[in-house]
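The chain below stands alone, shown as structure tokens; this is the form predicted on its own.
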């Protein structure tokens, strides 16, 4: 059984399982799926300051915190019990292109050649980790939710703002991956 779970799940299994979370959450209490709002709930519960953005009844959304904890716990279990010890398999063409940027270590899901403490203090590392992290957070707040909230939940509910946000996420991702990232990696 463990060997079966360790294998990558095909799209026709994983996709419907993700898709079934939408009606399940709606049936179980008209809850919406999304991860970015959980940070707001954590801040609202931990910081009793008089910040208007955090003054709401966060206890009504405590289920979301359990959901995020479950994601964290599932990830911890998966990395410790189900991880593949072999290096990540990378297409030879991609490996050749990445080698041009100095990325040759595929021992983890995140390339250690660019994502490490030493890289944080370089221009490339600062742009990727700090500026990139800020832009993800800003974009999530500006769009009123994250990709999972908009693309999975919002599109399932036929919400026009979610369609617009998802289109913008995709365009931004294409521009970043094909135009901006190669410039940053060549620094």
Partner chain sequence: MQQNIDTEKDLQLREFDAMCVNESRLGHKWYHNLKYLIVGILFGVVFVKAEVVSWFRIQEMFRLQSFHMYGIIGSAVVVGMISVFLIKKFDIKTVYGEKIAFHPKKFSKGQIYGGLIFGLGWAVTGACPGPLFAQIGTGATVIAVTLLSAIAGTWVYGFLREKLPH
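What we label the rigid core is the largest C-alpha set whose atoms superpose within 1.5 Å from one form to the other. Residue numbers count along the first chain shown, from 1. Just so we're clear, the structure is a prediction, and the values are computed from it rather than from any experiment.
There is another form of the same protein, the form predicted in complex with its partner chain; it is not shown, and what comes next is about it.
At the 4.5 Å threshold, heavy atoms of residue 180 reach its partner chain in the predicted complex. Although the partner is absent here, residue 7 lies within 4.5 Å of its partner chain in the predicted complex, judged by heavy atoms. Although the partner is absent from this view, residue 157 contacts its partner chain in the predicted complex, with a non-hydrogen atom inside 4.5 angstroms. Taking non-hydrogen atoms only, residue 74 approaches its partner chain to within 4.5 angstroms in the predicted complex. Shown without its partner, the chain has 51, 52, 53, 54, 55, 56, 57, 60, 61, 62, 63, 64, 66, 67, 68, 69, 70, 71, 72, 73, 74, 75, 76, 77 in segment 50 to 77 as residues with a non-hydrogen atom within 4.5 angstroms of its partner chain in the predicted complex. Once both forms are fitted on their core, a CA shift of 2 Å or more is seen for residue 68 between this form and the one not shown. Relative to the superposed core, residue 14 undergoes a C-alpha shift of no less than 2 Å between this form and the one not shown. When the rigid core is held fixed, the Cα atom of residue 55 travels 2 angstroms or more between this form and the one not shown.
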